[in-house]
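The chain below stands alone and is given in structure tokens; this is the form predicted alone.
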């Protein structure tokens, strides 16, 4: 069944709605999107719908991410990231999974959210774990949050993670997580821990709810 639906997307036939994302256009079928996502269902067929609406502009999302989102909704599987982006690195794969997790939560696609969470659990790394941890907190991914906290709290990882830009973002966007992180560090055992997990900006009363755009693909 998913193959037949997927071919609708690749053929481009009988599309009745177009999405504009980062100046790229993506034709689609209202009935397919409504069947997969309650958010799209409300937007396309709810009481507030515009019968003459032919194009929807999507904000705060990159074109490759929306393309991957459409692929999942039609094919019920994650796309090949190398084919989608032209790149084959773990960093790109992790970055796409981060964006897809946020997109899945935005459009209430629970299976996509779960698949993205599992992918991120498998690919935890020094240079991406802090951003992933913040994402897990913001989108209520408890399994992913636990995996990230344990990874960061380990003696061989903590200092290196604290030196990443992602850790600065973590302090600003989810300061309460630092308390949980300290608890995990304490569970690991006695080892050399940097004297303070908080940046001067946060301690001096800086904006603890600051936002930063995720790295672009």
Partner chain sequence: MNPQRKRIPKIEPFKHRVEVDPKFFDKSWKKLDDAIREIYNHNASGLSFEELYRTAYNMVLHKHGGRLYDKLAENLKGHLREMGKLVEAAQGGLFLEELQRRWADHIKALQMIRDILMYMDRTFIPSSKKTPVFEHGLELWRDIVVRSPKIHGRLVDTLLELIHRERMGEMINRGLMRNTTKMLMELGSSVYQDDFERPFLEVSASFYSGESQQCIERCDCGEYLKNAEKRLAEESERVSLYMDAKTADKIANVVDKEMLSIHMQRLFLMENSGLVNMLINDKHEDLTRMYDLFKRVPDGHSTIRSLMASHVKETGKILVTDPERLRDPVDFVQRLLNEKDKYDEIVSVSFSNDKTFQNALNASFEHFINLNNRSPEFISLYVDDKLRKGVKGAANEEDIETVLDKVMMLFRYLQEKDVFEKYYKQHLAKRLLSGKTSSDEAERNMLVKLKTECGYQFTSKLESMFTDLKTSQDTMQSFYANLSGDSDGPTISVQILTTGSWPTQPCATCNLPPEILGVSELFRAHYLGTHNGRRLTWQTNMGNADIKATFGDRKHELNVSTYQMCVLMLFNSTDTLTYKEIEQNTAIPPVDLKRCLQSLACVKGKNVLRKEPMSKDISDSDAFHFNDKFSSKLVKVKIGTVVAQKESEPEKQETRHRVEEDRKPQIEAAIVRIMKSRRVLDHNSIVTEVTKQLQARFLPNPVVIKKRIESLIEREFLERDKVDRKLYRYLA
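Numbering follows the first chain given and starts at 1. This one's a predicted model, so the numbers in the text were calculated from it and none came from an experiment.
One more form of this protein exists, namely the form predicted together with the partner chain; it is left out here, but the text below deals with it.
Undergrad: Okay, which stretch from 28-36, 46-54, 146-154, 179-187 lines the partner chain in the model of the complex, with non-hydrogen atoms inside 4.5 Å?
TA: Only one stretch qualifies here: 46-54.
Undergrad: At 4.5 Å between heavy atoms, is residue 42 in contact with the partner chain in the model of the complex?
TA: Residue 42: contacts the partner chain in the model of the complex.
Undergrad: At the 4.5 Å heavy atom threshold, is residue 108 in contact with the partner chain in the model of the complex?
TA: The answer is yes: residue 108 has a heavy atom within 4.5 Å of the partner chain.
Undergrad: For residue 23, is any heavy atom within 4.5 Å of the partner chain in the model of the complex, or not?
TA: Taking the distances in the model of the complex, the answer for residue 23 is yes, it comes within 4.5 Å of the partner chain.
Undergrad: Looking in the model of the complex, any heavy atom of residue 161 within 4.5 Å of the partner chain?
TA: So residue 161 does not count as contacting the partner chain.
Undergrad: What are the residues of 115-143, in order along the chain, with a heavy atom within 4.5 Å of the partner chain in the model of the complex?
TA: In sequence order, 131, 135, 137, 138, 139, 140 come within 4.5 Å of the partner.
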